[in-house]
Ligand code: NDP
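Read the single chain below, which is given as structure tokens and is the form predicted alone.
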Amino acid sequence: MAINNAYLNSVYEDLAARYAEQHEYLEAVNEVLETLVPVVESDPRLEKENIIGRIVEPERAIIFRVPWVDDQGKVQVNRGYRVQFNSAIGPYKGGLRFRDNVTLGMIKFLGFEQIFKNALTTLPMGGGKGGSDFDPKGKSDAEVMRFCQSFMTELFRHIGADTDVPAGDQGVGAREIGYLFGQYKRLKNEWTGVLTGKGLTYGGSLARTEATGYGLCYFTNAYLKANGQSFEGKKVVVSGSGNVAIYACQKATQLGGKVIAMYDSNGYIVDENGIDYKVMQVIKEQKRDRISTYVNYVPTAKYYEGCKGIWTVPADIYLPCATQNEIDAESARAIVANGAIGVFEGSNMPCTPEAISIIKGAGLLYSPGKASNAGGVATSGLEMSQNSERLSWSFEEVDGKLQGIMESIYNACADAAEKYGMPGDIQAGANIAGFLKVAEAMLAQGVC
């Protein structure tokens, strides 16, 4: 789709010609550039210094092989990635994703989004992302350890507390972060806060596990309040069953909502009495079991095979917290037909462009993940601060800072949308507010 500005359109067309196979990355770039038209037209410096052309290309993309030995003694080889996208406002910051569908295009999409997400937190963090097509599922602890050690044996030379600070993402939890950190420490012979999401016994931050889910609800609550609504008495659907989904379920419940549906990759559960997040924690965090077993604990719940049907469950608030493009046009139409108030993204780009158009066109509230799921990286930034100061803050301190950050992100998005003639458009406001901070830093630092 052509962008209504010659400069922006030329940048995008050049990018699309060079990276035609990287669909997720191009989709993310297009979504941002479409909202920057009034910004570019109001400031000729952006085109003169080619800020857009520079911001859409990563400063560095590292690709490397990861050889490791499985439990049968066979040598396996995976591919590792680290895309260091933009360091204008701080060291690169972004998670590592270990899944068999990871590609360079996916990592570039996630890294590009991370630039603006990190800028919105107001913390000094640039944008980056990494990962591998290695899937920890079904692997023994020893296999995961050997893979992580091999992965870090190459990655360590490209990262550092003041250079690039990775974290966890899909497939990279406490176990993986521990193995990665241990190998980094061994190779560098130093203890620095080079990874976030660490265990509490070695520099991790309280509230980090809960941060993305809690932050999503803090942002959503601020957005709802600005529109005369709240979680109180509302039915909520949460997709996913990982950390983000479980703690979004917990916080939405604490704020007065009733979470009635959740899913994993096999199917979804519905309980009109409200899903017990404590039971979900037992199933997913302790037993690492399928969501279908929830009905064994709570007989009033019903289980349905497949995931897509969850969007047909009538609710007021939808919190997609699983993966990209999980809400397509058909699902968006179902959400609109259900009479929902809004859709607030808890994962990275869970709504397709067509779905977003339908949701916003119907007058529903909508927030992009770069704004509403920024709680995780915000708390990672707080972990970096604690590591630098050799301090450990209480859960309440971190949670209080997180809530303040998420509310300030909403206000920044709303203010930017209003300033550039798009009042109420939080998607545009998020892109503009994040972009402006990075662009000003790039302009100040010259061509680099």
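Quick note: we count residues from 1 along the sequence shown, nothing fancier. Values in this document were obtained by computation on a predicted structure and should not be read as measured data.
If you look for the form predicted together with the named molecule, you will not find it shown, but the lines that follow are about it.
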**Complete:** Partner-free chain; cross-checking the named molecule in the model of the complex, the single residue of 171, 204, 178, 80 with a heavy atom within 4.5 Å is 171
**Request:** May I ask you to choose, among 157, 287, 186, 137, the residue with a heavy atom within 4.5 Å of the named molecule in the model of the complex?
**Result:** 137
**Message:** The chain here is shown without the named molecule. Which stretch in 271 to 279, 144 to 152, 93 to 101, 330 to 338 comes within 4.5 angstroms of it in the model of the complex, by heavy atom distance?
**Reply:** 93 to 101
**Asked** Taking 117, 264 and 321 together, does each of them reach the named molecule in the model of the complex with some heavy atom inside 4.5 Å?
**Response** yes
**Request:** Using the partner position in the model of the complex, report whether residue 346 sits within 4.5 Å of the named molecule, counting heavy atoms only.
**Result:** yes
**Message:** Just checking whether residue 243 would be counted as a contact of the named molecule in the model of the complex - the rule being heavy atoms within 4.5 angstroms.
**Reply:** yes
**Asked** Hey, in the model of the complex, does residue 362 get a heavy atom within 4.5 angstroms of the named molecule?
**Response** no
**Message:** residue 255 versus the named molecule, in the model of the complex: is there a non-hydrogen atom within 4.5 Å?
**Reply:** no
**Asked** Since the partner is left out here, which residues of 189 to 227 would have a heavy atom within 4.5 Å of the named molecule in the model of the complex?
**Response** 208, 212
